[in-house]
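The chain that follows stands alone, in the form predicted on its own, written as C-alpha cells.
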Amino acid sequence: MARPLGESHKRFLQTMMANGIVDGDKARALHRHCCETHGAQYTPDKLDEFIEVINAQLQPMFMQIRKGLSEEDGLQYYALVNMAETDVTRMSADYADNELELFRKTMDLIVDSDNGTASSTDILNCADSLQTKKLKKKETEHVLNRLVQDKWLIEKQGEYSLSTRCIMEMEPYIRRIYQDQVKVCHICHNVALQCQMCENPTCGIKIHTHCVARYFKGRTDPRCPSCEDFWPHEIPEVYRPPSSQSQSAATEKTTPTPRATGQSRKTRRS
C-alpha cells in the first residue's frame, strides 16, 4: 500500500504543480523548506525518496515527478510530467488545432537541424503552410511566446529549442516519431538534439555539448569515445552555476525556468 502524503509532501507537490519544473538546487531547497515548515523529518540526501512517496500517489493519475538533465547546461531538473499520453495532443486543452500543428512543425525543424534549434524566420514561414488554419505573423509570434511561457520551448536570440520540460515529458513521443533522425547521447544515453557529432561516416555518434565539456575536460588530444578518431569540434567549458544564489532560494513563490547559459555552441561541420 502506498504511503499517505504528509503535509510536507502536499506542499512540495503543490509547488511543482504551480511551477511545472524546477532545477535541482531549488528542488533540494524546496524539500528542506517543506519539511521544516510542517515539522517533518528532513534528510538532505533523501529528496528522491521523498519524491517517490509523492509519485506513488500520482501513479493512478498517470502523473510523475521526473528527474532529468537539461540539454543546454547539463544541470539537473525535476519536472511534473504527464505519463498518460506520449503525443502532442496532450496539449490540446490549452492550444487550438493550428497552434498544435505549428508546434509539431517547430519540433520537425528542431529535430532536423544540426544544432537542435529552429530560427524564428523558419518557424514563421511554416505558419503559411499549416493545413488546419494559417496563422498571421502576429498570431504566430503570440503562439511562440505562449509556448515559451508554458515552458515547452526555449527562445534565445531568435533561436528556439525544446525545453527541458518538453524533452522530459515527450521523450517517448520524440523517440517514436523521429526514430530515424534522433540519436541518444553516447555519454548520458538521453535524447541528443543540442550536441556534437563524430564526423567519421562509419561512426556518427552524438554527444551533448555539456557531456562533451565534461568528457574531454583537460584532454589535449580529444578522441571519439567510440571510434577513437580525432574529435574536431570546439570543446566548451564546463558550466558552473552561481550556487550561492540558487541554494539560498527555498521559496514556493519562485517560478524557475530552464537557464540560458550561453555555454552550448553550435556543431561545427567540415
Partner chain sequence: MLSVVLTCSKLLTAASFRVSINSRAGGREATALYFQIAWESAPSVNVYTSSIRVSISGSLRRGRSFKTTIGSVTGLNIKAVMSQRKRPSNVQSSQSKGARHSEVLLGGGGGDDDDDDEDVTFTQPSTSQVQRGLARLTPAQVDLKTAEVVQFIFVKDQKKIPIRRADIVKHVVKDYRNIYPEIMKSVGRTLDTVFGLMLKEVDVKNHVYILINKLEPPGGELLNMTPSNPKIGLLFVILGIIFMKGGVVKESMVWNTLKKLRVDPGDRHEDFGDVKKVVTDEFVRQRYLEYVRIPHTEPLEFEFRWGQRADTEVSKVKLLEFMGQLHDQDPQSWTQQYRDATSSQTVPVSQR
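Residue numbers count along the first chain shown, from 1. These figures come from a predicted structure and were not determined experimentally.
Beyond the structure shown, there is the form predicted together with the partner chain, which is absent from this document and is the topic of what follows.
Colleague: Can you tell me if P60 lies within 4.5 angstroms of the partner chain in the model of the complex, counting non-hydrogen atoms only?
Modeller: Yes, P60 sits close enough to the partner chain in the model of the complex that at least one of its heavy atoms falls within 4.5 Å.
Colleague: Using the partner position in the model of the complex, report whether E141 sits within 4.5 Å of the partner chain, counting heavy atoms only.
Modeller: Answer no; every heavy atom of E141 is more than 4.5 Å from the partner chain in the model of the complex.
Colleague: Given that the partner chain is not shown alongside this chain, does D108 nevertheless sit within 4.5 Å of it in the model of the complex, heavy atom to heavy atom?
Modeller: Contact with the partner chain, no.
Colleague: For A29, is any heavy atom within 4.5 Å of the partner chain in the model of the complex, or not?
Modeller: Answer yes; at least one heavy atom of A29 falls within 4.5 Å of the partner chain in the model of the complex.
Colleague: Look at the stretches 39-47, 208-216, 226-234, 62-70 and give the one with heavy atoms within 4.5 Å of the partner chain in the model of the complex.
Modeller: Contact-bearing stretch, as computed: 62-70.
Colleague: When the partner chain is placed as it is in the model of the complex, are N145, V148 and K156 each within 4.5 Å of it, taking any non-hydrogen atom of the residue?
Modeller: No, none of the three is in contact.
Colleague: Is any part of 132-165 within 4.5 angstroms of the partner chain in the model of the complex by a non-hydrogen atom, and which residues would that be?
Modeller: Nothing in the stretch sits within 4.5 Å of the partner.
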